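Okay, here we've got a single chain as structure tokens, the form predicted alone, with questions on binding and movement later.
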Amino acid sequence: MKKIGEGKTKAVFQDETGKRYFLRFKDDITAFNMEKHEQLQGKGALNCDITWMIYEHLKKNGIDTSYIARTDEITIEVSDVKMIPVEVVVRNRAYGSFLKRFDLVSGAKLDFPLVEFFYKDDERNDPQLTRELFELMDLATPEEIEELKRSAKKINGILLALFESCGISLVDFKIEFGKDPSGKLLLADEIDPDSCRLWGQDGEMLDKERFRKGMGKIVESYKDIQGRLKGVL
């Protein structure tokens, strides 16, 4: 297979026919726009397994995704999509960068899930997008913006229930979307402890925040999430 793209923690491959695409997870973990970067043995396989379980669950609940099938322990097959360079963030609790902008108690539940959009640009620290900027930069039509928001809220509802069933609080998460050749919006990329903030019932952080804060036991925490999901799916 030919590598056609690579990010911080994943690479995209195309087969010899040029018609099949694969997302391969790496053992890399990064934070603060690559200022902090390590490799953790087995992390790629854990994130692939968690993403696979979550995407299977989302598809069963009516979410259109680019996911097709898992092909090995670190690889999933995906459909051909043109990614929209936007991070869609859904917040259920006040935490992280949200606290830098608003004076709220850390970890406080929000009155309703908040959906925010950020332009993918590491050099500019992923600036936040307003509806007007969305349209000005020709990233999506007004109808597509509304569809992204509706999809994000629906996904949030499904994930909240899923994680609650295994004793985990979904604090916030980041997702991305792409368009297939017909222009249909599809959920794409990953959903795992790298892209979600997940807390145990005792408030213990089980996600990449452990790496950001130098808390250790990152792989162990990811295995904990994997085991809990397998117990309910």
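Position 1 is the first residue in the sequence shown; the rest follow in order. It should be emphasised that the depicted structure is a prediction, and the values quoted were computed from it without experimental measurement.
Beyond what is shown, the protein has a form predicted in complex with a small molecule; the following relates to that form.
Colleague: Under a 4.5 angstroms heavy atom criterion, identify the one residue in 70, 179, 197, 26 near the small molecule in the model of the complex.
Modeller: It is 197.
Colleague: Given that the small molecule is left out here, which of 85, 113, 96, 107 has a heavy atom within 4.5 Å of it in the model of the complex?
Modeller: None of the other options qualify; the answer is 96.
Colleague: State yes or no: in the model of the complex, is some non-hydrogen atom of residue 57 no more than 4.5 angstroms from a non-hydrogen atom of the small molecule?
Modeller: Output for residue 57 is no: heavy atoms all beyond 4.5 Å of the small molecule.
Colleague: Examine residue 126 and determine whether its closest non-hydrogen atom to the small molecule in the model of the complex is within 4.5 angstroms.
Modeller: Taking the distances in the model of the complex, the answer for residue 126 is yes, it comes within 4.5 Å of the small molecule.
Colleague: Would residue 20 sit within 4.5 Å of the small molecule in the model of the complex, counting heavy atoms only?
Modeller: Contact check for residue 20: no, nothing within 4.5 Å of the small molecule in the model of the complex.
Colleague: I'd like to check something about residue 217: if you look in the model of the complex, is any of its heavy atoms closer than or equal to 4.5 Å to a heavy atom of the small molecule?
Modeller: Residue 217: no, not in contact with the small molecule in the model of the complex.
Colleague: Quick check for you: of 180 to 188, 167 to 175, 41 to 49, 61 to 69, which stretch puts a non-hydrogen atom within 4.5 Å of the small molecule in the model of the complex?
Modeller: Only one stretch qualifies here: 167 to 175.
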